Ligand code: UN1
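In structure tokens, the next block holds one chain alone, the form predicted alone.
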Amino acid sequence: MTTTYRNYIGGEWVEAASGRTFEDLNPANKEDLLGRFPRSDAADVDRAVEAAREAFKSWRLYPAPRRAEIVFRAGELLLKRKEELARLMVREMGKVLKEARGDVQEGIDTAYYMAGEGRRLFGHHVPCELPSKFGVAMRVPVGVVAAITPWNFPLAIPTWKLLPAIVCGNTVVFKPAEDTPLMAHAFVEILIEAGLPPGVVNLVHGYGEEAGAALVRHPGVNLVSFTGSSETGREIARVSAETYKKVSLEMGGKNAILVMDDAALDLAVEGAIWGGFGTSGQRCTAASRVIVHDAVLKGFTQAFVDRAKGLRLGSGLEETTDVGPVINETQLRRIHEYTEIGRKEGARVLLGGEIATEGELRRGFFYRPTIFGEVDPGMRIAREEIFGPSVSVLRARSLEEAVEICNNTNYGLSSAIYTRDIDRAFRAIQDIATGVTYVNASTIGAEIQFPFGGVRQTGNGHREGGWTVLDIMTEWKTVYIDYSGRLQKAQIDV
């Protein structure tokens, strides 16, 4: 019997006001129905925001170390259930089991890191220019946070947003992607078990154009934290400006690995395989471009194709699987459309380029790992985010040309360079315009204690992750205390 799940609002599990639901399917097996979830709309969002605003009145006064203890307990529960959650993630989202375990571990790491911030949340004491006067800048919570999360990291990214928000004293309305509602449900259950009071986190399922749009427009929301496409992020920024909301956007990427003529080619090939085909290429940091020095282009490309030929498609729960399905049929068709675009543009398909339909693969959304050669930097496949297992190999005749090609995109999230020349490495670090740069490693694998985000159409200047997330989840309040017993005028009585 299929389970029907509910929203979590004000400490109660409730159906959508309309009574409508949607289905959650296993992308590796379309016949595997994981559950039905509320198809929420503005009425449900209204109720959730009201619950969050009411809870904020008391939660903001709850001592930060006590808030952090709840987050720490949530981390302990995530650790205890790591394998269970990872297997559930594979079934719902499709990534292979070892990657799903890494996704859960990132949530655990975030919980422990943010729990420590509950006894810091540092402000600044700065000397005043007048005698007998004290000044301090302190952090205060923003209010109600709308956390809108994607499906590709269905536990890690929600922890990036919810746990800092909670520790900082905010309350949350959480709208997860409609492709991964079950992982969101499991995460909220863990927060409840850890002792989170009613109304502090409210879970509203549904589609972006219905529940998500209503949440962004709601005047009771103070901050929108969004991870997803650049097109959606731009619309969120526009709508949020009308009601003066804070907005944190982490959006698309068209990331590149630069392979120089002095690179360790075997290592570079492994980095390109992991960057291009890990999570079936469904990462904002995926290495969808490999820019190779002309002197080693032929040897690298052949080794890259040969290595990719051995990748095995299948269910992520099978130990022999290297590449799982893509998330849904819409994305499967989109990836193939880009393959046809590449062919029409004159690129050469060196590997893959087709939907996999044989045997058990026909039951899911599988696309063969695809490599394009003879790619010009101006081609759409080299400029637009495909978000699938599709990699373009481009030629460069120098480091300077490789950097120019790398930067010639609307995005600027992650980059990598393979070289054994320290001077080249530092010039690349200096000149590549991305928020994250790796040397002799692939474009994926960020650690939670560092800022994460990018430039241009990848983000709007904020960085979630690390200490910088506190600047998103709090406002600065400056306090002056004058104990001189007389009126003192700053910039005048000096």
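Don't overthink the numbering: it's just position in the shown sequence, from 1. All of these numbers come straight from a predicted model, not from anything done at the bench.
Absent from the display: the form predicted together with the named molecule. The rest refers to it.
Mapping the unseen interface onto this chain, Gly465 falls outside it, with no heavy atom inside 4.5 Å of the named molecule in the predicted bound form. Taking the partner from elsewhere, Ser390 is found to have every heavy atom lying beyond 4.5 Å of the named molecule in the predicted bound form.
Put simply, Glu250 is close to the named molecule in the predicted bound form: some heavy atom of it is within 4.5 Å. Residue contact with the named molecule in the predicted bound form: Glu106 places a heavy atom within 4.5 Å of it. Partner contacts here mean any heavy atom within 4.5 Å of the named molecule in the predicted bound form, and among 299-307, 277-285, 184-192, 369-377 they occur only in 277-285. Exactly one listed residue, out of Ala425, Leu34, Ile444, Ala433, brings a non-hydrogen atom to within 4.5 Å of the named molecule in the predicted bound form: Ile444. Interface residue among Thr339, Thr159, Asn170, Asn152 relative to the named molecule in the predicted bound form, by the heavy atom within 4.5 Å criterion: Asn152.
Contacts to the named molecule in the predicted bound form (heavy atom within 4.5 Å) from stretch 30-61: none.
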